[in-house]
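Only one chain is included here, represented as structure tokens and corresponding to the form predicted alone.
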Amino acid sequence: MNSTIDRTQLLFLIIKTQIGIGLLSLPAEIQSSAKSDSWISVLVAGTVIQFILLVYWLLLRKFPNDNLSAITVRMLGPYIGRAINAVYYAFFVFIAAYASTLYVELVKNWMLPLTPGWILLLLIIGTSLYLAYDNLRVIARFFVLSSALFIVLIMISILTFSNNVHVSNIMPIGQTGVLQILNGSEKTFFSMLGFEVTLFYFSQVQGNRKGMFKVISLANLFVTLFYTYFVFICLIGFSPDALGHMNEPVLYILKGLSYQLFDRIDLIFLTIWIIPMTVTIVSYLCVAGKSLTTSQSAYQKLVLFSGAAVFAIGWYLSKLESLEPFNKWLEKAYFIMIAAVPLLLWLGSFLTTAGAKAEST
């Protein structure tokens, strides 16, 4: 595709893809493991992601004009490379479907309990397709523009300090133990995913690539601190027992706020949060298309097909009694696709380079 983006747009593309529905339930999920040290688990997960981003940068620096799908074909040949790209395509479609299912469940529970789930799913995917159908530059501009809402979300969250907060809930620091903190960081890691889109957006940044590692590192730093902040306010806002029994503690901590001009702050927050949740799906539809084609016309057709697939899979997932088995499978696949494969490609690039040098001599 001929569209290019600048560094600022890449920064917000990564941030907006990472920050999604997972944040709302994260404090409760890691409470069972890390307890009062949950905020430390978030920092540890951010550190692990930083190391993975380093591997990404080392790989992409060797192939500055190629995205992941082109790199796999160059290194592994057309047949194996395209087969792996097809797996990536299916993987991203499944992620978009899973995120859409969680999105529908959240909206039904908090805002529209009487609306049929398939209608909400259709609206979500239709909206996402409308944006994902366009070129990357248009998508990136929307991501940058909508990122201003993060300021509003943080301002709303500050209101929670007017409640009774207990900093003693996180004391003493480190009491949970290293193993429990690491266990909590594993759960946090899968709520902060989305940084893997770097593998597809990096090659479309215009101009000199010098300093690109700082850009992707800054995106990871922002997301890590953003998640740490919300986990922290939930830890000091709820007792440990109460926090462990909430599905979306970030919304519950806002639900108790009431002012003369504004009521149900949680619904205001959720209404704004719909945009970050939607753009996450947009981004995965985009990288799914990029994993199989570089032609804009073929990309647009593939996005439409992907949207139909996401709707079908999302509808099926919504009929399951529990998404936990699917979630476990997705976590294992995630580790292979976003960590193991890029690492192996980077290590293999040294052999490719060495072989190329040997042939030239």
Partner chain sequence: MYRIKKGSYEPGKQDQAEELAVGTIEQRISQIQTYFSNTEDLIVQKFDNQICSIVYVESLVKHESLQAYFMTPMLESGDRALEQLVRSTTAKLTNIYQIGKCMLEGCCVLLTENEQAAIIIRVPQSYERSIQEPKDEQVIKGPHDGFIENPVTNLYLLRKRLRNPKLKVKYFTMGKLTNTKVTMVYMDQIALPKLVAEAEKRLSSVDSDYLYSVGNINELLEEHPMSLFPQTLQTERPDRAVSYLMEGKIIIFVAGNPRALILPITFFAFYQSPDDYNTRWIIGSFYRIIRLISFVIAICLPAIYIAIVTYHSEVLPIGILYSVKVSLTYVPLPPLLEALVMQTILELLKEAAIRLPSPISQTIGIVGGLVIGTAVVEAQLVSHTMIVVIGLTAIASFATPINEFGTSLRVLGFPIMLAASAFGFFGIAIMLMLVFIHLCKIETLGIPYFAPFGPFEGKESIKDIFLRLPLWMVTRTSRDKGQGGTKHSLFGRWKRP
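Residue numbers count along the first chain shown, from 1. No experiment lies behind these values; they were computed from the predicted model shown.
Here the subject shifts to the form predicted in complex with the partner chain, a form of this protein not shown in this document.
S.K.: Could you tell me which of 79-87, 156-164, 190-198, 130-138 sits within 4.5 Å of the partner chain in the model of the complex, going by non-hydrogen atoms?
M.R.: Among the listed stretches, the partner-contacting one is 130-138.
S.K.: Has each of Thr115, Leu267 and Thr271 got a heavy atom lying within 4.5 angstroms of the partner chain in the model of the complex?
M.R.: Judged in the model of the complex, Thr115, Leu267 and Thr271 all sit within 4.5 Å of the partner chain.
S.K.: Considering non-hydrogen atoms and a 4.5 Å limit, does the partner chain approach Gln9 in the model of the complex?
M.R.: So Gln9 counts as contacting the partner chain.
S.K.: Even though the partner isn't displayed, in the model of the complex is Val144 close enough to the partner chain, meaning a heavy atom within 4.5 Å?
M.R.: The answer is yes: Val144 has a heavy atom within 4.5 Å of the partner chain.
S.K.: Do Ile216 and the partner chain come within 4.5 Å of each other in the model of the complex, heavy atoms counted?
M.R.: Contact check for Ile216: no, nothing within 4.5 Å of the partner chain in the model of the complex.
S.K.: Please check if Leu182 has a heavy atom lying within 4.5 Å of any heavy atom of the partner chain in the model of the complex.
M.R.: Leu182: no, not in contact with the partner chain in the model of the complex.
S.K.: So the partner chain isn't shown here. In the model of the complex, which residue out of Met212, Val107, Met75, Ile233 has a non-hydrogen atom within 4.5 Å of it?
M.R.: Residue within 4.5 Å of the partner: Val107.
S.K.: Heavy atom within 4.5 Å of the partner chain in the model of the complex: which of Met111, Leu221, Met246, Val152?
M.R.: Result of the distance check: Met111.
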